[in-house]
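Below sits a lone chain in structure tokens, taken as the form predicted alone.
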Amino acid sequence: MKKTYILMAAVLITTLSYAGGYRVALQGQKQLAMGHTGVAVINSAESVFFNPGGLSFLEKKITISAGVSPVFANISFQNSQFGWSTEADNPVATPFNIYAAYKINDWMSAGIGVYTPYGSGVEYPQNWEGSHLVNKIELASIYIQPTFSFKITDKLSIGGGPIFAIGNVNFNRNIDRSTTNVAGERANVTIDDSGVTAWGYSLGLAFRPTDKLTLGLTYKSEMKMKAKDGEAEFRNIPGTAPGNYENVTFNATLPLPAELAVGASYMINNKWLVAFDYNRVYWDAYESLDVYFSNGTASHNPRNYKNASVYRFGLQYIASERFTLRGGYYYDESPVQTGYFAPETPRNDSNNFTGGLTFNISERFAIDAAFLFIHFDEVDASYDHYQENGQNVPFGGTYKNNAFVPSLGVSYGF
């Protein structure tokens, strides 16, 4: 029985991989307004994230930008067969970004970025029908990326740098579908870990064959988040349950996938610019997540994610010296395959609509505003790999999700 409870905890921990799969495309207000295109759009220090190779094409000596993008998400779940209906009460997540770039000379620039590509929160009513999979999850991560960019010729530049990631996670669920203590309270467990770190790198190339056309290519490496000696706190465990639930820790390695992006932008005239990005995310790194406990047991959990693509379109219009207007759209494919759709990150294919503007207060200082509306396709799906007594117990229904993200930033340059 003790092993059964520990394996339940193992399944719980695997939800970290779903959280890692919840990629947040909110790494810059200017680029977010244009469908989050930016591989071939060089207009600010946001290039530290979108294309390190483009930094050396920036004209200003110093450029700085910063912003925040609060996420308001809605998730509703329904299973008409059993009469289940639930809406998640999601806390507001606050992804942020800070970038700075410095032009050292005509052929070399340096920059640094601090941003949060992974960060989400989902909270269902306690003891809801899917509480054996999740009650609550909070995930936060911060990436720190120093960058250098070099101009090879007047038309070609390269850049890159290491990425250091640090993250925290807190997750709660009931240990199964029915166990209670003598007071009738559902047995549950909370997994908590902080200071999880990983190293990776980013590379980029920018090519300007003409004054109007820019082409870009970037690659971000796979990263492995290593949770070590994380805490597992069990509550309301019945006194008849065998084993010791005190001071149990775990180790796990959570892969974050590599990503390749290519893009193009074209200046139609002095006012209009159009951009396109294609992202390929190599989610097949999630074949399995292996979890090792301090009591010597281990759990191997297949994930079977598939690689997925994102197609982005952006448009910019310089209305006046004061105002620049932007709009965009992107289609984001889900990496989750049939039978692996869990309520921790109920993420299906999505249509994403963006817009925004820059208001130039002075030659040096500007305010950037943007918004993003995410509409996930309604889906009838299930998670089929939760086990009780050695048997798979599927859980599924109809999910309807959307999210609204207003975004505000400031930029400074001279």
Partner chain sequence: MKKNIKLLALLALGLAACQPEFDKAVDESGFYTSGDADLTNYVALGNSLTAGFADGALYIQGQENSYPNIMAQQFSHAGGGEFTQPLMNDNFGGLLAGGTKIADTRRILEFDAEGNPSPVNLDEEPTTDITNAVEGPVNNMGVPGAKIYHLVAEGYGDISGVGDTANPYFVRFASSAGTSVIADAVAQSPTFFTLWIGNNDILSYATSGGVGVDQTGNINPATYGSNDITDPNVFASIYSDLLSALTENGAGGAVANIPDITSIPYFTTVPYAPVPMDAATAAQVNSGYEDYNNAMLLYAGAGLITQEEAQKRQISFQEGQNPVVIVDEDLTALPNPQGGELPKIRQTTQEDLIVLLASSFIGTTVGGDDSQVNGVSVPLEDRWVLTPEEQLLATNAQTSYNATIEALASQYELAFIDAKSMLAQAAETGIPYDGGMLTSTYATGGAFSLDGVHPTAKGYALVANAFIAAINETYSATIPEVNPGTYPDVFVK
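Source: prediction; values computed, not measured. Numbering follows the first chain given and starts at 1.
A second form of this protein, the form predicted in complex with its partner chain, is not displayed here; the remarks below concern that form.
The partner is absent here; in the predicted complex, the one residue of 178, 247, 126, 210 having a heavy atom within 4.5 Å of its partner chain is 178. Heavy atoms of residue 393 reach within 4.5 Å of its partner chain in the predicted complex, making it an interface residue. In the predicted complex, its partner chain sits within 4.5 Å of a heavy atom belonging to residue 388.
Proximity of residue 371 to its partner chain in the predicted complex falls within the 4.5 Å heavy atom cutoff. Within this chain, residue 357 lines the site of its partner chain in the predicted complex, having a heavy atom no more than 4.5 Å away. Of the candidate stretches 280 to 288, 139 to 147, 260 to 268, 76 to 84, only 76 to 84 has residues whose heavy atoms lie within 4.5 Å of its partner chain in the predicted complex. For the stretch 214 to 238, the set of residues having any non-hydrogen atom within 4.5 angstroms of its partner chain in the predicted complex comprises only 238.
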